[in-house]
Structure formats: C-alpha cells, structure tokens
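Just the one chain here, the form predicted on its own, laid out as structure tokens.
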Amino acid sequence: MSPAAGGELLRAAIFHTPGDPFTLAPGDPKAFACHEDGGLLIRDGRVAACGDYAAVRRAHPDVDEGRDWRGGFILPGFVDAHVHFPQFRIIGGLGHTLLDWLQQVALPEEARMGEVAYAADTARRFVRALAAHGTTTALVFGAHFAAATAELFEAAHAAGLRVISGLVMSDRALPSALHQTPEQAYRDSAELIGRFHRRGRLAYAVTPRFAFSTTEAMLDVCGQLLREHPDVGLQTHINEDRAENAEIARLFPWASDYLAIYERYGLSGPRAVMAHNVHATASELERLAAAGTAVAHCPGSNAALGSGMFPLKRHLQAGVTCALGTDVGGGVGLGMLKEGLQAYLMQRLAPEPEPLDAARLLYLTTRAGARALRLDDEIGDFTVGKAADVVHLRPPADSVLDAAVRRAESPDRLLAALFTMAGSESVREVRVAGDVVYGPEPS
C-alpha cells in the first residue's frame, strides 16, 4: 500500500480508550472515545488525527479520500499479554487441572519443538493466527529450544507483528528433553538477545517457565541476564493453581509466598509480567503494585483448567496493572475479543466481582496490555503521535452479529455485541504502524 504524501484517511466507526476507564469518572471522554462516523488519519505509520470524519477531513484537506469502511469498526490493535506459541496445536484439551494437563497434553507437544522444521511451521501458523484475530502485539512464551524460539522471532519479524518473547528456561520437574543446564540457558538466552532484541518490532523477555520447574541456580541466571541487559523484559507464571502452590511451598521452604521466590532473584519489577496470580495473598498484591510488576489475567484458561476465580477487584484496589492474555493451549483460542468476554463472564460469577462494561473490556484488550508491556507511550489507543496499530472489524453479512450491531442503540451496546460475538471471521484488515499485516480481502 502506498498512501498519499498527506497520509491516509480511514473512515468507519472508531472506538478506543485514551485513558483508564477503571479510574476515570463515568462519561469522561478519555475513558471511552467513540466516533460513530469517525476518521483516522495515518501519516508515516503514526496517528496524525482521530475524531469525527467531517472534522478530520476539514482539518486535512490535502489528504485523499482514503478507505471508506463505513459499516465496519476501527479498534486499536489487540495486545495479548500472555500466550504460548508451542501450544498452538493443542487447544481444546479439556477435562484436566493444570499439573496433569501439563504432563498429559502440553509438555509432549512442547517437546516436539526440538524438531526445527515442526517448530518453524508452528511458528508461522501461530503468527498468522495472531494477526487473523486482530492481535498486533503479544508477549509470547517461546520454546524450551533456542532454535525453535529463533523460528518464532523470524516468523514474527517477517509478518511485521510486535512480539516480545524468549527462550523458556527450566531445569527440573519436566521431561528431560525440556531441561537445560543453567549455563546452557544463559548462553542460549544471551545469543538470542543479541540476535533479536530490538530487531525491528521484536523484543526479548527472559522467560523462566515457573518456579516449580526452575532451581535456584536457574533463577539466579535469570537475574543475571536482567542485570546484564537492562532493557529486556521478564515473563513467568505465579499462583495459578492450588496444587502448584503446594508444590512451590515444598520446593522453596524458605519462601514466605510464591512472589518471594522471584523477589530474591530480582525478577519482580516494572519490566516483569507474571501470568495468572489467581491465588495471590494480600501481601503479594501490595508488593507487586509497589514494584510495578504487571499481571496477565487469562480467564479462559483459568476456567478451562479449573484454576479458580481471578480476584480482579483485589488487584485493582491494590494498584496492580492487569491486562488480558489468551494463554492458548490451556485456554479457548487466540481471540482477544473472546478473552474479554471470558473475563466479563468470570467477573459476573466472582465472589468479589469487578463490573466490566464494554469500555473496560476494550481497555483490557488494548491499552492495559500496552501499559503492562511498557509500550503505552507507543501503542494502545489512537492518541495523536502513537503508532497506527489498527483492527478493522466488519461482521459477515446476514450474521447474528450483523443483526445485533445494526440494532444496537448506543456505542456501548454496539461494542458489547462485538465482544460477545465477533471473532476472526469479522477481522477484515490489521495494521501495525500503518503497515497491513493481515488482509485486505479481495473485493
């Protein structure tokens, strides 16, 4: 695509959350911005203007007509804050709890990533599927094998997505094929950082799988990598399942709680995202907030594996940054809209519910993820100057969703219908920094 020198103007209904609807007053335009006949001007891959189409058009008469997507909807690119690429082919392994699901379903598939050709094919399919679901940025668990993790980075770079990933580091409690020595994990991680960190839209995250499968020697290596590379991230799991937590207490008898293990090795802080945290203590929430560590809530997998109800209200009251992740193999797919719906449903049943309206769901799937990944100055909404990461949604003609959005009486109802029913079939075009990474469909 070669937009005119003045930029490219996209026309459709536009929804985004320039501010945080969990903290702003209801009705604050920053909490939920909607332009029913909207104009999004993209210039040099960035948002040059966003507002009512007529006003944007008048302010920028030099711009050609651009793309007329009326009847469709423009949202910021979705941000998946926790997802495992090696689990792409095993979605749907129902009927398990976390630890037996790992042994019977996930880990045998993850061992296959030692076959480079299989890993490369999985990586390409995974990256295409992210884009097809409107995900433009993802924090991705790589593989336990350096070559397979490199294939993920290469596939993401070729596709143009924003992907943060890293070699998964483990040295106990898993099948031996998935173990590395701390020395090998250090060498492989350092080599991958050198090859891929800050290459195009890629970035690196040190990735201990979880304390259950990492000895103190491996956790020490993770801390060393963070000290030596002060701009890489950290991703891991915490407090996902009660049986896991019981094993953690046995393996680390000196630790007052799960978070204390990571804290000892310098793995908590503003560069870190920890997935799940279903069974957090009050002390852990307080310390996560103080450290600036974000939590990726994965409601689909928490329900499918029976891990428990995520205490979203307690996290928010403590000041912990929360975003959404699909998790993938243990969850219900790669769709962030579906994950938003799962979060809504879980909160409807939670003992201490946190109400989730359409604006809060949009925030959780976009700007909250950007904040968790320390990218909120760059992506997450359509504030002027940010990168133009865009999802164009349009329901299939004569579908149930099409009927619902045509009948919707307010922007909130319309957006709620999209979260309730829209999936990849409604994703027509996806852009990262203005570049088309998925679509458009032939006319």
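Since we're looking at a predicted model, the values are computed, not measured. The numbering used is simple: start at 1 and walk along the sequence shown.
The same protein also exists as the form predicted together with a small molecule; that form is not shown, yet it is the one meant from here on.
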**OP:** Let me know the one among Leu102, Ala370, Leu285, Ala343 whose heavy atoms come within 4.5 Å of the small molecule in the model of the complex, would you?
**Re:** Leu102
Subject >> Interface residue in the model of the complex among Arg271, Lys338, Arg209, Arg360, criterion: non-hydrogen atom within 4.5 angstroms of the small molecule >> reply: Arg209
**OP:** Using heavy atoms only and a 4.5 Å cut-off, decide whether all three of Glu240, Ser301 and Asp327 touch the small molecule in the model of the complex.
**Re:** yes
Subject >> Options 126-134, 80-88, 197-205, 176-184; stretch whose heavy atom lies within 4.5 Å of the small molecule in the model of the complex >> reply: 80-88
Original post:
Taking the shortest heavy atom distance, is Leu98 within 4.5 Å of the small molecule in the model of the complex?
Top reply: yes
Original post:
Taking heavy atoms and a 4.5 Å cut-off, does Leu305 contact the small molecule in the model of the complex?
Top reply: yes
